[in-house]
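One chain comes next, on its own, written as structure tokens: the form predicted on its own.
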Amino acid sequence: MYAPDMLSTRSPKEVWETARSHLRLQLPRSTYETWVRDTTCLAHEDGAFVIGVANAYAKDWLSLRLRPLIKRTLADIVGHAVDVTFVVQPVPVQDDPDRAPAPLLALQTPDETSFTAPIPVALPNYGTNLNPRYTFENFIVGSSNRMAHAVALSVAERPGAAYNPLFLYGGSGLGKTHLLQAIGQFVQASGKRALYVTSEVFTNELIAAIRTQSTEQFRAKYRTIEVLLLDDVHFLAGKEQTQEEFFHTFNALHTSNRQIVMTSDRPPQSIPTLEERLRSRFGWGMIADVQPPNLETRIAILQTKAISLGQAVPDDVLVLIAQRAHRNIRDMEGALTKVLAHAELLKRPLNAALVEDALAYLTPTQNKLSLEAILEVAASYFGASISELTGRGRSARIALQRQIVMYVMREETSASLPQVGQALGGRDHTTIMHGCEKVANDLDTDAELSRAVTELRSRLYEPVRVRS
């Protein structure tokens, strides 16, 4: 513990440099280098440190995720409680003898609405396999995918320099392929060559190349491209020769500072029968997850989809669809299409009754999204009893499970803090707020927690199996 009068003997900037050193030891390397490394102390006013960050993404992320840890770290250094605020203040990267050469941060977009795509230029068709519908402009950004969107945009702006490789993971239908192809669209429009391919296609092309003795042409195609976008990389698991070929392709691209972006349904360490040398390389750059969207983001996605279809859908109808179709974006868009088809074919108005009929195939839990139903599904998922989750037990396991339930209840329903507290055994609203904040703060750094939240959400919205 440092002396209580630390600020009387050292400047706020010096204290912040000490705090950064402490945070560097407490945080994963990727988190520190992305969000903390290039911050600077601008002032110390009324007991609060004012920290300058490069963009709105960093400001939001630090405020929502790391503020409690940063406050504790500063308090330990100065010897008393302090506050901290973050302001957008782009700062030049300063020389630091303790830093190894690190990827350049390219997160210079102040907010989601200020993004401007480069002017398209004519390029020869290199078999990019890019779908023009998938761009950054029509990607809906929310709390569940903000970090993944930010790093994807950084990669698109500075391929090979920002985060290399970039590894995006998350459940099916959450937007990973959209981001992957948006990077390709941006890169192509900037005058560089990008190649999008699924791991299955990569494997099939390798098999064909071996059969026709054309492996040199195969390698020339994949090892000279400027940006390689590989979808569903978990498909390589268990395929020894394909992994061997991709290992050398990865090395060739990475050594020449060519960008590699991959997606998977799980983080590298959770892909079975994947060679350790590939698993370690996949973590060299940045690993970012894409979570299921919360209610507000789901509504925004449906609004955008309805506009693209030229349909005027009442907001209350979109809210109902967003509440019922949750598992992923594909499910939501499919539900919207089904509701619109019912309205057109049956000549019925777009209202709540139509939504109930059109989406009757969804589970009762999904249709109602009650706090009680969430509690029942959570108890089944965790293998705990409802009385344990609502009781006063304080074991580490039950306490964490209870906080996850708090978080999911708040994210997936319109229930207030007191209502969630009442459903969980009459807990005070401040307890619920603390639990939700803790889960939110830890989601990006705790893979097990992230996976538990994702799987619980998925179970809430599994389709009903109709017996024959």
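One-based numbering along the sequence shown. Note that the structure is predicted; figures quoted are calculated from it, not measured.
One more form of this protein should be noted, the form predicted together with a small molecule, which is absent from this view; the next part is about it.
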property	result
Touches the small molecule in the predicted bound form: residue 262 (any heavy atom, 4.5 Å)	no
In the predicted bound form, residue 140 touching the small molecule (heavy atom, 4.5 Å)	yes
Partner contact for residue 175 in the predicted bound form: the small molecule, 4.5 angstroms, heavy atom	yes
In the predicted bound form, residue 80 touching the small molecule (heavy atom, 4.5 Å)	no
Contacting member of 157, 333, 226, 388, with respect to the small molecule in the predicted bound form [4.5 Å, heavy atom]	333
Sole residue of 355, 287, 147, 301 within 4.5 Å of the small molecule in the predicted bound form, by heavy atom	301
Output flag, 133, 171 and 329 jointly within 4.5 Å of the small molecule in the predicted bound form, heavy atom basis	yes
Contact segment among 314-322, 251-259, 266-274, 177-185, judged by heavy atoms lying within 4.5 Å of the small molecule in the predicted bound form	177-185
